[in-house]
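Here you get one chain, nothing else, as structure tokens; it is the form predicted alone.
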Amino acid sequence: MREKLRHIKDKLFTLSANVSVILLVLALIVVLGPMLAKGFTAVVFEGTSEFRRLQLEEHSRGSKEEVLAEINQGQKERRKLHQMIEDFNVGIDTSEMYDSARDVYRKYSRNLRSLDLPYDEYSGKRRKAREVRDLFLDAIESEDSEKVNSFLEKVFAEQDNKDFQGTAFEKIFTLAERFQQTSKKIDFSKRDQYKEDLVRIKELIKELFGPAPGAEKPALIMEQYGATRWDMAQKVIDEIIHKTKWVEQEGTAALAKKKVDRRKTFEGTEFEAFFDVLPGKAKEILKPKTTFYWQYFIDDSTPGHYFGGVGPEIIGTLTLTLLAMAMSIPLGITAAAYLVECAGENIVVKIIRGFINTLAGVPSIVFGLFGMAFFVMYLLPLFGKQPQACILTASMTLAVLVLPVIIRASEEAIRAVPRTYKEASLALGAGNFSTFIFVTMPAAMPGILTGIILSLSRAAGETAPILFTGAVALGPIPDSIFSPTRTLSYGSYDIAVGDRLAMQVPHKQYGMVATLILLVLILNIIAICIRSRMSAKLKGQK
């Protein structure tokens, strides 16, 4: 009976262990799976012609002939879309037309003065021109279509006036014809509404296709290119077609966001066709293709993380992590060796061990504040350096952060080495130091490496300790350990909390987080391989 119970307990324990492993794997898949999948889209995506243009102009990648041919093919359709906006805008935003009319009148007046006409003839022609100009200005400022037509009829009645023929003033009639043509289907009472939506549509078209053909090159790189990814382009197209409005909810005073078809604003106008044409033309212009952007891992990013990769962030993360480990591993193993081999078991050692255990549980932000106060504000000035956050202070802070974990893991590993190893070494005449270096430590190394692996992962992924001690969101690649650096953890934190521009490109944030996970995974795999080789060597398998 007792044997049966023991078998049942063994099977239950095995079953619970297997279930725990399965649950752990499922939890990892649920947590990391979506993040890695979204991060994958930073490298593999549908790249547009704007992406290929950016790669050519900024990194000299790709065939110049093919990229330029692709851009030129889309220019014709792009001009048509811009022309549709501009044609409709003539009847809406009349400020440019207003200024042009006044300029035409001034130029006509100057020409009249240069002709040296008799005063009565000069003043009569000038007065007539001013009357026609004012009629035209009244027409473009009016919000009543009947009045608009009435003013324009009076303007066109003077089109055959011989005084204006062959002069600069003829341009007034050209402007009037253009305004009449574009304003035929406009509801003048909705002019402000048209104007508001047109301004937004112009901004979005610029975001979609880049600067208009023939426009000056903008200073900011993010304004020099349109949507570089098809998923971004589709979001912009959707925002052009739909606008978000805050509307009251039934039965409550609370407001809710609602998507409204922007086409309704322009219903009945010539511009309504724009919303049917845009989706098809956008694909024809941007020519999306599946792209494998492996350079994401080496490229620098533009300000705001709008374009580019995470090369400097990877370098910064590796530098801080490896420097921190280089400082903490020798200190941690030495401290553990002292506590096990030299200090003995007394009240002082117990207090020290208690402090180490407490430090392992202190929130990382506390280490960040300590690093700023001690390393940045006190230690650097002590050695004649400027008190500024840099790689050295950040890595020292991370070293202090992971030191308790390494000490505790190393102490347990050293303590687990069979005492017979040490006794055999001492019996053969070796000293305490030689016994520890050549017998105890190699035997304890697999356990010590376990602590190092845990510390490595924590050092690479921490943000709070480097927040004040050496990390920056933007900046050049550091040229010394006394310069601040970009890191993957701080970069993703910066995007999440404050960078409005980067929030427009969420794949950059997911890509940064996925890269950090992969980097930690690679470092861990390397450490695990080293540990396995050492374990095998100790067992005499190699």
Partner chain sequence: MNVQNNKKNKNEFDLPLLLTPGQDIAGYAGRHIGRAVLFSITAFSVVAVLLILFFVMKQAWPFIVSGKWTEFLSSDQWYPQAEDAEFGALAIVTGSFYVTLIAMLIASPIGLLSAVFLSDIAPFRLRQIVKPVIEILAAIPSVAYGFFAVLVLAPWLQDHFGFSTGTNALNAGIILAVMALPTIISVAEDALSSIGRDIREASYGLGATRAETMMKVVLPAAHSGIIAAFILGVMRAVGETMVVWMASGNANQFPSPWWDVSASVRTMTATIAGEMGETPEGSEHRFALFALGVLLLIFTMLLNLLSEIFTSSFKRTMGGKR
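Numbering follows the first chain given and starts at 1. This is a predicted model, so every value here is computed, not measured.
The form predicted in complex with its partner chain exists for this protein as well; it is not shown, and the discussion that follows is about that form.
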To verify the annotation, which of these, 43, 517, 56, 481, has a non-hydrogen atom within 4.5 Å of its partner chain in the predicted complex?
517
Its partner chain: the contacting residue among 370, 297, 275, 179 in the predicted complex [heavy atom, 4.5 Å]:
370
Only one of 333 to 341, 94 to 102, 81 to 89, 110 to 118 has residues with a heavy atom within 4.5 Å of its partner chain in the predicted complex, and that stretch is 333 to 341
What I'd like checked is whether 20, 356 and 496 together line its partner chain in the predicted complex, meaning each has a non-hydrogen atom within 4.5 Å of it.
yes
Counting only non-hydrogen atoms and a 4.5 angstroms cut-off, does residue 476 reach its partner chain in the predicted complex?
no
Is there a non-hydrogen atom of residue 421 within 4.5 angstroms of a non-hydrogen atom of its partner chain in the predicted complex?
no
Quick one: does residue 315 come within 4.5 Å of its partner chain in the predicted complex, counting heavy atoms only?
no
With the partner left out of view, is residue 6 within 4.5 angstroms of its partner chain in the predicted complex by any non-hydrogen atom?
yes
Under the 4.5 Å heavy atom criterion, name the residues of 391 to 422 that approach its partner chain in the predicted complex, in sequence order.
400, 403, 407
